[in-house]
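Quick heads-up: it's one chain on its own, the form predicted on its own, in structure tokens.
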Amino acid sequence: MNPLWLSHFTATSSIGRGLDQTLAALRQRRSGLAPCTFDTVDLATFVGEVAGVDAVQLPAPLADFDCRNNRLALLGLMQDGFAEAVRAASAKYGAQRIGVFIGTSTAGILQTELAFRRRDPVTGALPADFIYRSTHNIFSIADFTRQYFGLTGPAAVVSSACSSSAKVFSSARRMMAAGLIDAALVGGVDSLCLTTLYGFNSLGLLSAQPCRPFDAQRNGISIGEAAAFALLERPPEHLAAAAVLLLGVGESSDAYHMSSPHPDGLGARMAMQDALKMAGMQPAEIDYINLHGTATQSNDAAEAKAVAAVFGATTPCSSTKGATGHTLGAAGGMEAVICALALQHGLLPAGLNTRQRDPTLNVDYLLDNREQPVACVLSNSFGFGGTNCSLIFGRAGKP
């Protein structure tokens, strides 16, 4: 594929607002996970909650979009000069030539949960101020974002579980390759809600401790929330050496099971191989893999088999979900930004909370940060139903 330039990017999660705080947390090996005190949730689990979301106020003309998910999105868009970069791109290309592609799984479900608490006790009617179309509706996050910036180009939301905001890079790439747009705002936003927390608890997938990816005693996930965005453009003739490029995308849908991966990681393997093929690269050229690494027994085992089959046992890898929690539909975008930081700062982030690597998982899982030149990285995002996506990013000026 023709590489695409991540001209600007940003991330907000439980480990910080914006790139500086995120990078500092990774360097300090600081986790954002804490015992769950969210809303009325009564579960013995840890979550990665973003502080200050409830204090965010949407612009008055966009008041109908008010919900936790869109507030979190706005908080994220305000970091690192990202909003200003989008407005500059709109002035350069035209509002109709910028696409908006955002991944989410929760959308504004919390707003519906809150509305149900205020139903009319006689009729059961939902309160008049509840607006499904612009809050809970899965398209709400893209509609809010495009209206916030006054963009009029194509817009779509991908909701493919935990691969959602990795797949938006592919959606944007296809639109740009077809000549329909000149730039794309891509990203992912997922916020905490009761449906997600109690839903994963009902599946027996929540850990009562901070999640421990690839640990011999791993026992489940820690849910987090995040807003992560990137502005994709075609690269100019001359780029700074530290500029980050999207080099390859691989997608697969193995449909092995509704909530479990293929035990041998066949779909994951296909996604990684296709990403390498699109990038025109060999496995040995990847310096670091950001694993999906959810810390469930089956997911980590399947991913380890897939990684070992494609890369062998020597490529450094880790899951950053021990820091941020599993941000579900925002995970692909969040971890894409972490990969961009790894490329620009030569940092391979350690997997947090993992005390004893599972000896049956034959990969080079990092328990300590490693600093070295990094030219190319791969990021994995795998969702329920076998919807898989792998992304390859590289520095414009390889070390």
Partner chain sequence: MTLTAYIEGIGLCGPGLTDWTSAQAVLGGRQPYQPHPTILPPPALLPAAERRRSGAIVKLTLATGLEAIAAAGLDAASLPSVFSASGGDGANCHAICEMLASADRQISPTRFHNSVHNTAAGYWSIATGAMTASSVLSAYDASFGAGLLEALTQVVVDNTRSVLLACDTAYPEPLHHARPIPDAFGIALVLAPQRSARALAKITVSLTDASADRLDDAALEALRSAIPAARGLPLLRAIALRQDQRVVLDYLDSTRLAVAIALC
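Numbering follows the first chain given and starts at 1. Quick caveat, the model's predicted, so the values are computed rather than measured.
Heads up, the form predicted in complex with the partner chain isn't pictured, but that's what we're talking about next.
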Checklist entry - Taking the partner chain in the predicted complex as the reference, which of 283, 210, 316, 154 has a non-hydrogen atom within 4.5 Å? => result 154
Next on the checklist: Please tell me which of 196, 90, 273, 79 lies within 4.5 Å of the partner chain in the predicted complex, judged by heavy atoms.
Outcome noted: 196
Checklist entry - Taking 297, 350 and 361 as the candidate spot, are all three within 4.5 angstroms of the partner chain in the predicted complex by heavy atoms? => result no
Checklist entry - Want to guess which of 341-349, 370-378, 33-41, 58-66 is within 4.5 Å of the partner chain in the predicted complex, heavy atoms only? => result 33-41
Checklist entry - Contact between residue 238 and the partner chain in the predicted complex at 4.5 Å, heavy atoms? => result no
Item to check | the partner chain contact at residue 109 in the predicted complex, heavy atom, 4.5 Å | outcome: yes
Next on the checklist: At 4.5 Å between heavy atoms, is residue 113 in contact with the partner chain in the predicted complex?
Outcome noted: yes
Checklist entry - Should residue 71 be classed as touching the partner chain in the predicted complex when contacts are defined as heavy atoms within 4.5 Å? => result no
Next on the checklist: Using a 4.5 Å cut-off on any heavy atom, which residues of 124-158 would contact the partner chain in the predicted complex?
Outcome noted: 124, 125, 126, 130, 132, 133, 136, 137, 138, 139, 146, 152, 153, 154, 155, 156, 157, 158
